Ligand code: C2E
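This document starts with one chain, in the form predicted on its own, laid out as structure tokens.
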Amino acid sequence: MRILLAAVLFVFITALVVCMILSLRSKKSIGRYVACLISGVIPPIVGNLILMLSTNHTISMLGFYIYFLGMDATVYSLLRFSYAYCEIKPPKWLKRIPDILIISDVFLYALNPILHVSFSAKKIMVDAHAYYKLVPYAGQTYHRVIAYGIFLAVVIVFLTKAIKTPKIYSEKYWVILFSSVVAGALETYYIFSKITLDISMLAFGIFGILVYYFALHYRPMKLLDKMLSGIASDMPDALYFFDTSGKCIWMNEPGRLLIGTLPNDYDGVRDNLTFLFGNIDFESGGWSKKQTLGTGDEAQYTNLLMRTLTDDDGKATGTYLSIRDVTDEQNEMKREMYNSTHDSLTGFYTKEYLYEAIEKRLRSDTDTDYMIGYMEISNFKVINDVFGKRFGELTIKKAAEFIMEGVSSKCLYGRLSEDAFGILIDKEDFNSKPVDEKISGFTVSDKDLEHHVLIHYGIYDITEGEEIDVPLFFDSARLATAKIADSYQTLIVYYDDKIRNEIIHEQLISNQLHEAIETNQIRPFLQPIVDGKGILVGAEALVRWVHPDDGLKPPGTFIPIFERNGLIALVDKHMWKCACDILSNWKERGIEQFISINISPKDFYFMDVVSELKKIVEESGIDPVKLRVEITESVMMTDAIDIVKIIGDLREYGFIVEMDDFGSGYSSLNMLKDIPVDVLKIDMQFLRDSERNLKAGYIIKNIIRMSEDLGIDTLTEGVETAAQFERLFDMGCKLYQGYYFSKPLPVDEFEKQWFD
């Protein structure tokens, strides 16, 4: 019996050592606590193994020391393990009490060889061999109190955790609690029963192995079964489980509702599913398909998935069918696709999708003759700024309605940008005359607000056999509209060779601008401004281009081009700098006359005009009063620019501000009291009309008189004859400019004529 029990203990020790090593290698955080506990369980078993095999007093005493100190290690590591396993964090002071008690017990055992306060050993005979039995003293009683006290704390920890934890999770706590109580009970029985051999060590070995398994490898199958069952029941997908014969053995609530059967009525499941989805293979898995129930907006989209279930040996145990309602996902996908290909405001195709659709149509429908239409709302930014974003959006919607009402079913249309639309037009269905009439009268109304909207329509005619390049087609149609950008008379324009050549010419001119400025090909010519006595008071700087090959280019051949593409801002800055350089030179020579410079309406959109003028004047070192600034009447009428503030800033700095081309647009005399200009420059067309029309002459006379009352000087340009000069003088005009005095001259000729 003694040898058999020793052999069993040796097996347990070996198994525990293996478990301890595997615990140390585990990646789970609890692994080190498990290893620590097992390392504490091994010494008591080793001590008992020594006692069972020893017939020597000294060796037996060593076995007792290993046994008792091992018990201290066991209960201490068990307490640490219980904290970690049960996820309890006791206060620091409570954790120190076991430390103090264990240390004091170890101290008593250290004194035992000298003072004999803990235990001794008495020789007896067991199985005809000597065996040394424990003789306990007071220190041994202290040891047992400490060990049982800590063990009781562990039992309380596990018992509390097992009771508070839901039953489905508490299994792992009850098993360890039960095994530890059994081990403690056997150890208690050994102590008080006076039996010779300590069989409780068998329970210690079993306990260590159980802790290793439950802490690191245990999977609560009961818990998993309930969880999986709950998940399957609560899933929104309809689920059906079939045995190997194809008979339905279970379905969840969504599955029951889908086929409209009674709970636990599995007999008609297959027939109902077949009725809804057609032929279904219930015996085999590994297939899936999409199915649509119903049509139109009421359509329901489903995904069917059949899979085979197998056991641990890989043998088929049945199949399950999953039916998922993907209607919401399908509709959301349709919405996202629609939103990605359609403009949110108008419902038209987006630019990219329109290009794609047109190319597809042109390649598939070769029997129809098509044209490309580019429709643009002129000055849409001004509409937004003046009337508000809401009115701007209404304008876009009305333009979209206009397009839809005027096209055939073969046409495609989309929104290309904020203010432009693109249309693929069936040439046979297009009639430019009614389109032109509708465009010319295109008006947007919103309650009391009504505005006539200017629309330009460019058309590119796709010729037979032409290579399909949709972006190029639209670029060509857009360039056609650029030729009539400021026209109120021509609203529809076709792209042709003439426009193409003009565009090439414009591009050529634009490409030469930077070099022309750097080499001073673009330079100011000065036209004199005189007073009523014909005495020179200043000059206007007019831009001229002296081309090395083409000679002197008339302003009308390049200024409109630069006005359209925005390069006029570069030209104007160059002219301002040249004018300031001339004035700086005049200042050194004691010449006191001024120079007037022009500001294009486009300049305000490409730069801070006031800052640029201040910078140039300061760099030139001239008096700003000598550099007069001419701003056209059209700028004065533009609400998008805070012209009152700009003129105020210019005048405050010292500039003289002139209103150029007064009377050429729709300005009113009443406007003069609100815009603080210094000089009113009367349009030359008024002067020509006054010779043929008495009313025009009367208007000029009253403009001059009213300007004088407002403290504004008047300057009339376009004076070509002595009679005109005399008549204007009689009306009270202060300053004069025109060919009667001199045409615009190069700077050196101007200075030679007027200063030498």
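Computed from a predicted model, the values in this text were never measured in an experiment. Start at 1 and count along the sequence shown; that's the residue number.
The discussion below concerns the form predicted in complex with the named molecule, not included here.
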Are all three of 12, 75 and 105 close to the named molecule in the predicted bound form, meaning a heavy atom of each within 4.5 Å? no
With heavy atoms only and a cut-off of 4.5 Å, decide whether residue 555 touches the named molecule in the predicted bound form. yes
Decide whether residue 543 counts as a contact residue for the named molecule in the predicted bound form under a heavy atom distance cut-off of 4.5 Å. yes
Answer with yes or no whether residue 719 is in contact with the named molecule in the predicted bound form, where contact means some heavy atom within 4.5 Å. yes
Considering non-hydrogen atoms and a 4.5 Å limit, does the named molecule approach residue 386 in the predicted bound form? no
Which residue, 620, 112, 395, 600, is the contact with the named molecule in the predicted bound form, using a 4.5 Å heavy atom cutoff? 600
Checking 568, 582, 423, 659 against the named molecule in the predicted bound form, the residue with a non-hydrogen atom inside 4.5 angstroms turns out to be 568
Only one of these stretches, 439-447, 572-580, 113-121, 239-247, has heavy atoms within 4.5 Å of the named molecule in the predicted bound form; which one is it? 572-580
For 722-756: residues with a non-hydrogen atom within 4.5 angstroms of the named molecule in the predicted bound form? 738, 739, 744
